[in-house]
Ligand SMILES: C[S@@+](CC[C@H](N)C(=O)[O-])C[C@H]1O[C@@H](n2cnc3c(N)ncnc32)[C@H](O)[C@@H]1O
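A single chain comes next, written as structure tokens; it is the form predicted alone.
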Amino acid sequence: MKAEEYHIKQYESVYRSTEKFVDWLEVSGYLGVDMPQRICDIACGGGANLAYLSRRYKNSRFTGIDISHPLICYGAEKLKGEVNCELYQGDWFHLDTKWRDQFDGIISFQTLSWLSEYHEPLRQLAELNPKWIAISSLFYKGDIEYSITLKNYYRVSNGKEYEKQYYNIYSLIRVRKHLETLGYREFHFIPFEIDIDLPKPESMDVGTYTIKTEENKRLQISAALMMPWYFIVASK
């Protein structure tokens, strides 16, 4: 599934990871129907997560920021009529200071591991001074980090022979320490254990599917990689 298709498809059916992440944030006290907040979805793509959030939490206001102008335009059209959300084009690595002190919370859905690294992106979020930062991505509980770069020959990019993609797995220990240096000392995490089967794509391109272990636990796989998904949240 191409990146654009990934974002657009969720308008048809909300991804299970999105539902579970938001459920966990609500149970943990960071989101709630009776908690009016200003929330930013960073790297929001076409805004499908915003559509889900805005309808679930009608008393809050949601802002989406993404680097892709076509996706922002697509999302703006889809979100017409949604009075509590808006979309803007912006670069996560160079966020406009106009957003400082504008958000109670910032959420990132399934993006951090697809960036080249996490230190500067998290610093940029902290510079906006939200009360809390929540992220779903690929993590490892131990003190080991994996820098994984794909040369995806299934996807031609800008006239090149392949598309370069990151599938980095970050250490929860290191990410927690970095967030602490940025002033976010309260830290919680939980593994995302999917409870539905995802079919294997017909293509050998990247795309998440599940296999079951003998213990009936589902593992999430994309191409040749196992996907250790976690939800994390850090607050001041």
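Note that residue numbering begins at 1 and tracks the sequence as displayed. All of these numbers come straight from a predicted model, not from anything done at the bench.
This next part talks about the form predicted together with this ligand, which is not shown.
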My question is simply whether Phe93 lines the interface with this ligand in the predicted bound form - judged by any non-hydrogen atom within 4.5 Å.
yes
### Query
Are any of the heavy atoms in Tyr6 no more than 4.5 Å from a heavy atom of this ligand in the predicted bound form?
yes
**Asked** Could you tell me if Thr111 has a non-hydrogen atom within 4.5 Å of this ligand in the predicted bound form?
**Response** yes
Classify Leu138 as contacting or not contacting this ligand in the predicted bound form by the rule of any non-hydrogen atom within 4.5 angstroms, answering yes or no.
no
Which of 180-188, 196-204, 40-48, 26-34 lies within 4.5 Å of this ligand in the predicted bound form, heavy atoms considered? The stretch 40-48
Heavy atom within 4.5 Å of this ligand in the predicted bound form, from candidates Thr210, Ser171, Ser68, Asn168, belongs to Ser68
If we test each of Ala76, Ala126, Leu150, Leu115 for a heavy atom within 4.5 Å of this ligand in the predicted bound form, the one that passes is Leu115
